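Quick heads-up: it's one chain on its own, the form predicted alone, in structure tokens.
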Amino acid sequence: MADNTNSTNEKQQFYRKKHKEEMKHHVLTFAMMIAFTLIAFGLVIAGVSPMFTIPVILILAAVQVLFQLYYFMHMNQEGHEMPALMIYSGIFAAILTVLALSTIVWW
């Protein structure tokens, strides 16, 4: 019986350490997303050239989406392969649609 208690205690310690590590990643990711948002606002407020500002804002937005998918929606954990595949397929289809429509418009 004492052996079972020790095993349970080790499991609890393992999960506490795992949750503490996950919380650290969440807080760090949240801080980075706030920083990216402040950078985007700073570029717009400073009146930097739109030819530079727009691509930078789009890149920062894409990075924020990836952070939210992986850290806040837990797409990096096991068992989420099918939802991740569907999301990536949707992103791929959206990129193809934008490329096709921009090709038609510019042609």
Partner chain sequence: MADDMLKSTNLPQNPERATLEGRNKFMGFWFFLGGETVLFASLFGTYLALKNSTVDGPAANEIFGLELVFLMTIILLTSSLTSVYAMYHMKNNDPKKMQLWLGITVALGLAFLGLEIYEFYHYVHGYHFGYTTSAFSSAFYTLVGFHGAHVAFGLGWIISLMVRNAKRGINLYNAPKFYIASLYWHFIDVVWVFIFTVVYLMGKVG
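C-alpha atoms forming the largest set that superposes within 1.5 Å between two forms make up the rigid core. Source: prediction; values computed, not measured. Positions refer to the first chain, counted from 1.
Here the subject shifts to the form predicted together with the partner chain, a form of this protein not shown in this document.
For 29-44: residues with a non-hydrogen atom within 4.5 angstroms of the partner chain in the model of the complex? Result: F30, M33, I34, T37, L38, A40, F41, V44.
C-alpha of M23 off by 2 Å or more between this form and the one not shown on rigid core: No; M23 is a residue whose C-alpha shifts by less than 2 Å between this form and the one not shown when the cores are overlaid.
Once the two forms are fit on the core, has V98 moved its CA by at least 2 Å between this form and the one not shown? Yes, V98 moves 2 Å or more.
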